[in-house]
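Before any questions on how it binds or moves, here is one chain, the form predicted alone, in structure tokens.
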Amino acid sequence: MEQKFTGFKCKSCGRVMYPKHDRCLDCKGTEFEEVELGEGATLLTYTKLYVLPEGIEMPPLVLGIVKFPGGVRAMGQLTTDDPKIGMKLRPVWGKLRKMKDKEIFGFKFEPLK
């Protein structure tokens, strides 16, 4: 089953946010609908972590902030060891880490080909 990267659109004012908040950051509305953010995002910034939390197997852990069309920003792991500001990425579902013998899955961002 393919996972889609979704944001949350305020039913009152139309602002799209990620992650979901209890209230809209603009109008304070409380009703939202899920909307797909799309396949492409642009890398705004990144960092490489070498001292890693338990369950991350291979240093460095590369984290980035990406921007989707429409302005929504998200943070997540990058699958590349050679990120470049402005590069195009897409969200993919995969294993993020292992904690107490349990695999944790979520979205990562990989370069668009």
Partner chain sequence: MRDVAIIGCGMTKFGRLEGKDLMDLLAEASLRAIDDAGAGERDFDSVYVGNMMAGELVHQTAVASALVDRINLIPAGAERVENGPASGASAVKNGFFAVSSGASDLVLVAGGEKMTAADTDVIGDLVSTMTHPTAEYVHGVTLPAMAAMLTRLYMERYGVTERHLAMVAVKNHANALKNPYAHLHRECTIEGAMSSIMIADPLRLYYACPISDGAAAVVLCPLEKANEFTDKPVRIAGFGHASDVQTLQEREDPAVLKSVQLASQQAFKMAKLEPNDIDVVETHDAFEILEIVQSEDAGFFEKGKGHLAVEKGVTALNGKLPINPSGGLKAKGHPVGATGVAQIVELVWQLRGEAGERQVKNPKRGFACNFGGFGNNTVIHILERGW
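Given the structure is predicted, the values throughout are model-derived calculations rather than measurements. Numbering follows the first chain given and starts at 1.
As for the form predicted together with its partner chain, it is not shown, yet the points below apply to it.
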| query | finding |
| --- | --- |
| Contact flag, Arg97 vs its partner chain in the predicted bound form, heavy atom cut 4.5 Å | yes |
| Touches its partner chain in the predicted bound form: Met87 (any heavy atom, 4.5 Å) | no |
| In the predicted bound form, Gln77 touching its partner chain (heavy atom, 4.5 Å) | yes |
| Its partner chain contact at Pro53 in the predicted bound form, heavy atom, 4.5 Å | yes |
| Its partner chain in the predicted bound form reached by all of Cys10, Val35 and Phe68, non-hydrogen atom within 4.5 Å | no |
| In the predicted bound form: members of 22 to 52 within 4.5 Å of its partner chain, any heavy atom | Leu25, Leu44, Thr45, Tyr46, Thr47, Lys48, Leu49, Tyr50, Val51 |
